[in-house]
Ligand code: AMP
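What follows is a single chain, given as structure tokens, in the form predicted on its own.
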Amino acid sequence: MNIGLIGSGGREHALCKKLSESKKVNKIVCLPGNAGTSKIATNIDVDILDFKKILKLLKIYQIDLVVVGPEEPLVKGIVDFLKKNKILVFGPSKYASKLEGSKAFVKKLCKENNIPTAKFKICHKKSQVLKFLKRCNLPVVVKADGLAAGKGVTICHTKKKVINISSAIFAGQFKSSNKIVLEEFLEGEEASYFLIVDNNYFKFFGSAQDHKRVFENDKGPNTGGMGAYSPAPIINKSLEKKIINKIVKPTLRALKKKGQFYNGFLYVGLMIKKNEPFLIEYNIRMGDPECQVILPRLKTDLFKILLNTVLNKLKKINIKWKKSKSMTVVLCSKGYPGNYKKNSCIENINKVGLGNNDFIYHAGTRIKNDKVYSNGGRVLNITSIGNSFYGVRKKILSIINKINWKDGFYRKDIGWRVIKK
């Protein structure tokens, strides 16, 4: 079959690589892809929100199955659009995508279905913010309601900062948000729990722990993710039962009650406090960079899993995993997540020899005159699998040293929680 893969980040390169390993896959077309996907697929430069143009290209390239990587086209309804045009597509509907597209939607759903989450208030104006601040202890988490490319969440330690951040969002800092969600701050350990879901069934699809803060020791502003490791040791069998029974099942049940079904990857963002899970957020796709640590551990043919999910035959598939530990470190452009340098040549990238268990996933890159140039804030994901997190991280850092990119920076302490133990 011919696959159309929408997106251009590290997640999409990881999906592309794993799909290319299937004997059932004939050709992969990436829309638009990046420098990494260009080596294993055909890249087509297109705006991923121009659904009509994408439909034309899918017909020209005789695509049999479309896989949507990023959240924005999902939230804007690409799945509904393609299905209406008789295209087989993997990903949730526009309605189901509200699980990521609207923080307020998720919070209301939690309240209506007794799903454990932080205390919250949905605010449309400053007076509501001030009222919440009177009855909530600091720090307070301010969240833009809509999509904000990983930059819509701020932990505020002063009332002044809560008011300033809220005011900026009300004033239109993010196109997607004219309201905010204020939350109490939950102390604990974060973890990401992944599922693959069809209309009738769901299956576990890996766990990971991400590192959101830009600097070592978890300092500085939030980013889209500076690195991750898998599996997440904090998620044991008893905790997993709680996640499924208290969070996942009530959510999918609530959607079905509204006559809606979830179909695709579901990312459950959690805070673990005293062995109890609290929902922080849902993502309606594989995480980035979590996808880059989960897929190298997957033994089962990814194409078969995705096709069976779309056809609502997920129950038939037995998903198998390697016992290895996996980690990725994100190599970013200096200045990220603020203003960063673009169009910098990564000269040594093609000279680095990789073992069978090592991967370089491209994120913000492009090819120019047969050379690889940076084209984003998070540029490369250096991933490795092995028997210990310590050994894996050591190997990754040696690969980054060989790349020796002068305009890049990275965190050397990815996995500090699990390695310290």
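A quick note: this is a predicted structure, and the numbers were derived from the prediction, not measured. Numbers for residues come from their place in the sequence shown, where the first is 1.
Same protein, other form: the form predicted in complex with this ligand, not shown, and the subject of what follows.
Interface residue among Lys76, Lys212, Lys121, Arg297 relative to this ligand in the predicted bound form, by the heavy atom within 4.5 Å criterion: Lys212. Shown without its partner, this chain lists Glu184, Glu240, Glu216, Glu347 as candidates; in the predicted bound form, only Glu184 has a non-hydrogen atom within 4.5 angstroms of this ligand. In the predicted bound form, at least one heavy atom of Ile155 sits within 4.5 Å of this ligand. Though the partner is left out of this view, Asp80 does not reach within 4.5 Å of this ligand in the predicted bound form, counting heavy atoms only. Residue contact with this ligand in the predicted bound form: Glu190 places a heavy atom within 4.5 Å of it. By the criterion of a heavy atom within 4.5 Å, Lys325 is excluded from the residues contacting this ligand in the predicted bound form.
Comment: 136 to 144 is the region of 311 to 319, 136 to 144, 161 to 169, 257 to 265 lying near this ligand in the predicted bound form, near meaning a non-hydrogen atom within 4.5 Å. Although this ligand is not shown here, in the predicted bound form the stretch 279 to 317 places heavy atoms of Ile280, Glu281 within 4.5 Å of it, in sequence order.
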